[in-house]
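Below, in structure tokens: the form predicted alone, a single chain.
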Amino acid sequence: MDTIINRQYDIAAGIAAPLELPRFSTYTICNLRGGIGKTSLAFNLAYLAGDVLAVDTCPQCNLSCFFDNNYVGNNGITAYDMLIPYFVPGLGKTIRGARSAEATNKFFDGHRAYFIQSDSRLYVLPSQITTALMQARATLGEQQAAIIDSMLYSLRDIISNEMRESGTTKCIIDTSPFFSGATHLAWHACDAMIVPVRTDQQSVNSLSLLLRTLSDSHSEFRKMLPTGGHTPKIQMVVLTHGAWSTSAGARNKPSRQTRIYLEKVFDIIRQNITHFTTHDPENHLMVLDDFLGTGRVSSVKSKPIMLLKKGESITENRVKSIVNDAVEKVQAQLSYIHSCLW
């Protein structure tokens, strides 16, 4: 724990060396709970990554809105349009659905960044996947494995094709706070996972649930696996909404509550270290400040936190939000998380 806490001083100062973690091209951001920062993290990491394909698989479509405030009315190809032909016979597969982020979000000018937008119809995808997989299991012989592989690896194949078409080398997938449907497919599409956990007990419980879902033979994830039994490992857990001591000179020392949840999450990582990409628990726990007004300004403006300046503000529903002094610290934390991914 001391190593993780002391590292925060170097991160805030911009002098922390990236951790010796394996690097992957495709990450899924996931936890089985909402409101913990998945979409904000996906949006800001996509900006830092550049040369990236961002995929929105959450039917709430928040990431899509970050990239294009008018995505609902543009009649563009969606993740649902691209996935459904894998589960409903007779539909032709859709290609080249990725859109340029700089065409719809001015803050991405000059960035090689593309996105696949989400669709509220992803709410019904779980039942369609379940029906299709049940039908596949009734198929006899080697054909059964081929059909199941095609379904479970559908998002992986879509991403591979879209990255090739867009010329991108990195991908980040935002998911919904429930396992079935597109989130299930995102687990099979990624090389590794990033798991945000908020500083509350419900989020800690959802981390434990995610780990059980990955490993328990009775879980919906393990009941039917593709050839090779692909199971992603976790690159990092990001403790979001962290708070810090207000004592003089203790700017990077966690508050008592944050320390409690750091210890809880660290213990879970240590007990489940075989699910992570290295065998050192200290490599896999990051802390991200509770950026409050900064996050609201970023959301309303669809503006990456890296571009925000202290004092920027917005007024929404007569409530004013201001980018505060902590923005530089948050920027340093996001930059460091990025440096440990790609």
Ligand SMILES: Nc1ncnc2c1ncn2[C@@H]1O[C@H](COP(=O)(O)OP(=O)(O)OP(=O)(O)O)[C@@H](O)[C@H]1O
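One-based numbering along the sequence shown. On a predicted model such as this, the values are computed, not experimentally measured, just so you know.
What follows is about the form predicted in complex with this ligand, which we do not show.
Although the partner is absent here, T277 sits far enough away that none of its heavy atoms falls within 4.5 Å of this ligand in the predicted bound form. Using a 4.5 angstroms threshold between heavy atoms, G37 counts as touching this ligand in the predicted bound form.
Taking the partner from elsewhere, D290 is found to have a heavy atom lying within 4.5 Å of this ligand in the predicted bound form. For S203, no non-hydrogen atom is located within 4.5 Å of this ligand in the predicted bound form, even though that partner is not displayed. For the options K170, H188, R99, H241, the one in contact with this ligand in the predicted bound form, meaning a heavy atom within 4.5 Å, is H241. Only one segment in the set 46 to 54, 311 to 319, 28 to 36, 269 to 277 has residues whose heavy atoms sit within 4.5 Å of this ligand in the predicted bound form; it is 28 to 36.
The partner is not shown here, and in the predicted bound form the stretch 138 to 158 never reaches within 4.5 angstroms of this ligand through any heavy atom.
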